[in-house]
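A single chain comes next, written as structure tokens; it is the form predicted on its own.
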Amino acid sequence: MLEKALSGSNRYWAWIFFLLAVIGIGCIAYMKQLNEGLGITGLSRDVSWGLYIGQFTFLVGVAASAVMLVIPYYLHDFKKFSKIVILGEFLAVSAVIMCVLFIMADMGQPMRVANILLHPTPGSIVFWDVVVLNGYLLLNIVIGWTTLGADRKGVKPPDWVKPLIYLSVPWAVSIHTVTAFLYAGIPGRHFWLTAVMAARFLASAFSGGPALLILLALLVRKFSKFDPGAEAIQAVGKIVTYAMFANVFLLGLEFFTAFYSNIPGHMHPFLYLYTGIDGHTKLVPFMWISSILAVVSLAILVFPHLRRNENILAFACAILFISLWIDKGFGLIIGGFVPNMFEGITEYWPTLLETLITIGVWAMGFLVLTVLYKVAIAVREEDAAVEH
């Protein structure tokens, strides 16, 4: 079926070549990092994780969100998701690939990633994160590709796929839970030392990931003959709404716990992010933008008559996605390091090369996503032509 990605309109090929150009720029920047080390980034002794790990954390959530389609469709036979579920599974594949690339970028040297597999350490959360991520990637590739191939032939998927589908449900939850444990298990970082970190991660995943899926489904409908279904898009919109409420609620719990307890170590990261400390206000505008966008998106999504308008729904999903990207892909990581354990403040901001590498990885993810979606759409269009 992969040959279907080798044919397309001029617009399709222009998009492919644009992504390849961006990937090329990212590779050039990465070669400089490979030669000179992580000193070319904005990272420091005090802030050892930055944009790369922030993107990794955010994209794990995007990957895990596929389960919000898998559960209703495969476990509860929710027919409305029959067309859109493959888009969710392939989105998970591209998201996990980006996660792996960001880990490689953050480790500085690719061989350090190999050490995790060559010298496994079961007591390390990073080891388990690598295991669950690669397992989830394999599950989604096998399930998505096999079910799509069966659809193309007009037959039922083989029986051996069903156990893998059942396995993918808890596995999707595990990838973001284990990622949350990377942070929640560090005793010296009060901002992350919270029992609801995994719950926050899952709530943001089940809102941000499906929000991106809605935008992609609307784009697929606009630029192809494949229609994922208006009812399916509206159903996913409800999932986004409820999950975003849970995400905002859990963040509110964090604020209450920090400020009502009046424990300085828990308050200072929030103060740094939202008001600044001693003139250090680099992230304050972004965190307030994130909060405002979150409130505005919820104010739109909570009203069904607004949500039913797909243009308004797309706008709400776009600003919700941006809000979560700022909060989880940037603020959450930096807030854990600033102030440091001695109450010192070392601000972080990504360098140009660091940003180019990040954009290059995103372009790689979108290239994989474009190719997979091209195949899926071509198969679905063939099915629709046969039905008619």
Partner chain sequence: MSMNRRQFLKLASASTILGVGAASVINNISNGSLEAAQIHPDPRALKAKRWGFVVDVSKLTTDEDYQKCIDACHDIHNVPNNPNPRHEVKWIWKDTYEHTFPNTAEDKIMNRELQEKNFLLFCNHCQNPACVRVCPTKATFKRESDGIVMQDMHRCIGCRFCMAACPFGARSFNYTDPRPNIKVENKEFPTRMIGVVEKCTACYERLAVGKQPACAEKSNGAIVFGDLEDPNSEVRKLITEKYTIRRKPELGTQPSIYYVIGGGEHA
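Numbering follows the first chain given and starts at 1. The model shown is predicted, which means the values in this text are computed figures rather than measured ones.
Here the subject shifts to the form predicted in complex with the partner chain, a form of this protein not shown in this document.
Visitor: Quick one: is His266 in contact with the partner chain in the predicted complex, heavy atoms, 4.5 Å cut-off?
Guide: His266: no contact with the partner chain in the predicted complex.
Visitor: Report whether the minimum heavy atom distance between Leu306 and the partner chain in the predicted complex is within 4.5 Å.
Guide: No, Leu306 stays farther than 4.5 Å from the partner chain in the predicted complex.
Visitor: Against the partner chain in the predicted complex, would Ala114 count as a contact residue? Criterion: heavy atoms within 4.5 Å.
Guide: Result yes; Ala114 sits at the interface with the partner chain in the predicted complex.
Visitor: Report yes if any heavy atom of Pro157 sits within 4.5 Å of a heavy atom of the partner chain in the predicted complex; otherwise report no.
Guide: Pro157 lies outside the contact set for the partner chain.
Visitor: I need to confirm a contact call. Of Leu250, Ile165, Val130, Ala235, which residue comes within 4.5 Å of the partner chain in the predicted complex, counting heavy atoms only?
Guide: By the 4.5 Å criterion, the partner-contacting residue is Val130.
Visitor: State the residue from Ile277, Ala246, Ile141, Ile71 whose non-hydrogen atoms include one within 4.5 Å of the partner chain in the predicted complex.
Guide: Contact with the partner chain in the predicted complex is made by Ile141 alone.
Visitor: Can you pick the stretch from 336-344, 59-67, 356-364, 316-324 whose heavy atoms fall within 4.5 Å of the partner chain in the predicted complex?
Guide: Stretch 336-344 is the one.
Visitor: Would you mind checking 196-233 for residues with a heavy atom within 4.5 Å of the partner chain in the predicted complex?
Guide: Residues within 4.5 Å: none.
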